[in-house]
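One chain is shown next in structure tokens, namely the form predicted on its own.
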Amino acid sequence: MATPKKIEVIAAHPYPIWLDVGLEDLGQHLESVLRPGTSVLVVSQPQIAELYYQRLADGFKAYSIHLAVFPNREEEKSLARLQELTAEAVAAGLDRDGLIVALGGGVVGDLAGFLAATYMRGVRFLQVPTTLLAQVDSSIGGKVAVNHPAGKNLLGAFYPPIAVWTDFTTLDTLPWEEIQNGLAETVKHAVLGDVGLFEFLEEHAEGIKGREGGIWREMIRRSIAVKVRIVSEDEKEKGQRALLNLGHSFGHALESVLGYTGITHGQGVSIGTVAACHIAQRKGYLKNQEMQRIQNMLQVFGLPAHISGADSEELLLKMQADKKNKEGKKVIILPVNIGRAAESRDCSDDELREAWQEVLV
């Protein structure tokens, strides 16, 4: 194993992101904060647990460790599933000194984190992200949530983990579609906050697709650094943290309207980023050449710029319930150029319709 690296998230309750660490080493690392015999509930999904739970559990022999799994579907991120996990936590003897560990991707982290935030008014929580999406994005920042029929992540909280424990070897088993989810967020990070990262992606695209170790680790580290910098400056999304929603107002609407089937989160973010680029280009914020570079970058990684099977009016209606909206106005994040983005509250419904029409086929 390489020498672990640590990135600190500066927040009301600061926490470290440990990089290049082993799953089996986590239990020993926690000896200073967990008493022997402490109840630990690991929340995961069947495929992930089959691959990685035993490695994690091997390091937790001093504790009372339990596993709770749920099916690998976005729609499982619900209040009904939260109730079932709460019952499992009670059965496991989890008390207020216990620990909930999220072992998996973004859905696991959101649901396990919301459970931790609400169980007995809050218990300790630790993120062990096993997907590229979770490692570069969803495990960082303390956002936890469940979905509601009216919209994605409508019920949630800011509840930071005590740490993020990132073992890069968990990426070795990921199918390409899961890698694409993380690459969509990495491209997003580059577009909104780091032109150097964008140039790195352009220069090393083939190495990234080939999962070359050194290039892979550098890409992940730099993508994480963008998220950490923004989150540290705006923990509760009162200002510039909203920039991290680039592509998400459109993407979340797509996911919701399509019932979270037939489209991945990364595909939604990719299409949403392209839609935001069309608005930015029409407003004169984004040059044609920059817009083309962004679309080319997404295309290199096999991410879509268009989708069929959705109606622009239904999508526009779904955007009205977006939790990012303020004072009755739709808040859309637009790229100003590669490496910088801005919040817009003056996008008309006609502009949004035109953007949807550009990406719907």
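Note that residue numbering begins at 1 and tracks the sequence as displayed. Because the structure is predicted, anything quoted here is derived from the model rather than measured.
Absent from the display: the form predicted together with a small molecule. The rest refers to it.
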Checklist entry - Thinking of N72, K77 and K152 as the candidate spot, does the small molecule come within 4.5 Å of a heavy atom on all of them in the predicted bound form? => result yes
Next on the checklist: Within 4.5 Å, heavy atoms only: does C277 come near the small molecule in the predicted bound form?
Outcome noted: no
Checklist entry - Any chance L51 has a heavy atom within 4.5 Å of the small molecule in the predicted bound form? => result yes
Checklist entry - Taking heavy atoms and a 4.5 Å cut-off, does L174 contact the small molecule in the predicted bound form? => result yes
Item to check | Any non-hydrogen atom of L246 within 4.5 angstroms of the small molecule in the predicted bound form | outcome: no
Checklist entry - Using a 4.5 Å heavy atom cut-off, which stretch among 269-277, 212-220, 99-107, 84-92 contacts the small molecule in the predicted bound form? => result 99-107
Next on the checklist: Please identify the residue among D194, E178, E290, D234 with any heavy atom within 4.5 Å of the small molecule in the predicted bound form.
Outcome noted: E178
